[in-house]
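Given next, in structure tokens, is a single chain: the form predicted on its own.
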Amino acid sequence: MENIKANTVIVGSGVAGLICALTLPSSMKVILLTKQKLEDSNSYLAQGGIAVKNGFGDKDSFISDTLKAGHYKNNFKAVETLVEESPKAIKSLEELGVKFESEEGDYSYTREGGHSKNRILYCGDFTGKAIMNALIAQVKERKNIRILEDCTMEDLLVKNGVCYGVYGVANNKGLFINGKSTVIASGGIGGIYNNTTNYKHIQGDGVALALKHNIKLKDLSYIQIHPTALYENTRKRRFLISESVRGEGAILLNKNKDRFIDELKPRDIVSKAIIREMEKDKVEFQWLRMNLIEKDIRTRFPKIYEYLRKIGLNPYIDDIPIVPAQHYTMGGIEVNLNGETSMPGLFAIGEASCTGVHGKNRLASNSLLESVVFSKKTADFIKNITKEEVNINDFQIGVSNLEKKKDIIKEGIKNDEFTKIKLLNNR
């Protein structure tokens, strides 16, 4: 066993975890552990973009769109904070090296489903990758941040109801990673689904440990299905076709090549409409027609174009087979706006957490924004935390089991909506 001490332990290397690490002062020793490599997070896969308040008159509209998409189950204060802090979030990303699309010195904004105006910044159709590459480069340069790749979080270090870090395993060696504050940024639960746009190794590790230690969860049954994952005869992760494709003019067609839905309605409405058509016609997919997009497809969506051509589809000519797939978890470990959980010493950010900002359904391109805004707030809060030293012998830890973990999460959800989605994703 190795005993590692730090001011802060961060579990997860998506945008949330990296922003938190980079916001903490350089005087703090930070341990950042990740299950695989730094790039292997769902943040890296994000195509569409990041939403931002577009002008002084956009606050009320942006808030309204977020609440409407979330079926008014949102935490209003969290939504207000998200919108108000969005310009600062974009500025902080640019200071870290992210370059968003622009034309003649002005941002190029796009639009996605549920938004009443163009307010989404993007980097081609690989916004998440562009942001992550910039953040990873910064993290690797910070001498106060120690990165542990291929390190799994197996348990929390808990004494008298207080979290003192995590027990991890790397290279078959146990690690007691002790911190004055511990931040869970391990992502959602997509990996337990057969049909998902998420990386398969992201399986709700933080949620499972929260259930084990009786840490409060919130809205775990609020699972978002993305309408347009590429349909392929495989059980691997589904390739996502960004919602911004529809924002630029692509339309949805059924088996008979008839249009059946306003493509820019919120994701849950569009997904349900697609599922209804699939069930009605007893088919496994529907169609997405991209050749109506006015912009050049290859230039605007280079990664999507490249993948489609690789599998023999030409979006200038062919309609693209699509199917809804699990995409995002709105619920998670319940936190306040500073990322505090119900367990002292433990914080949660990103998709592993639930601030209530998304309500029952996430508005497109609000996830990257949430990760930046609330991870910065959490980092600002925890930088002043002090805590007594503890002995590693004080802790009782247990090693996780993947199948048991899945059962724990499903038991924790106990919701008919989850069952329906699970059946859909087993098609």
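Just count from 1 along the sequence shown to find any residue number. Since we're looking at a predicted model, the values are computed, not measured.
Form predicted together with a small molecule: not shown, discussed below.
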Fill in the blank from the handout: in the predicted bound form, the residue from H201, R309, K88, K272 with a non-hydrogen atom within 4.5 Å of the small molecule is H201
Completion exercise
The one residue among L33, V373, V30, A69 placing a heavy atom within 4.5 Å of the small molecule in the predicted bound form is L33
Handout entry: Location of the small molecule contact in the predicted bound form, chosen stretch of 289-297, 211-219, 192-200, 80-88 [non-hydrogen atom, 4.5 Å]
Key = 192-200
Handout entry: the small molecule in the predicted bound form reached by all of G12, S43 and G187, non-hydrogen atom within 4.5 Å
Key = yes
Handout entry: Distance check, N254 to the small molecule in the predicted bound form, heavy atom within 4.5 Å
Key = no
Exercise for the section: Answer yes if any heavy atom of F301 is within 4.5 Å of a heavy atom of the small molecule in the predicted bound form; otherwise answer no. Expected result: no
Handout entry: in the predicted bound form, D205 touching the small molecule (heavy atom, 4.5 Å)
Key = yes
Exercise for the section: Although the small molecule is absent from this view, report whether Y231 comes within 4.5 Å of it in the predicted bound form, heavy atoms only. Expected result: no
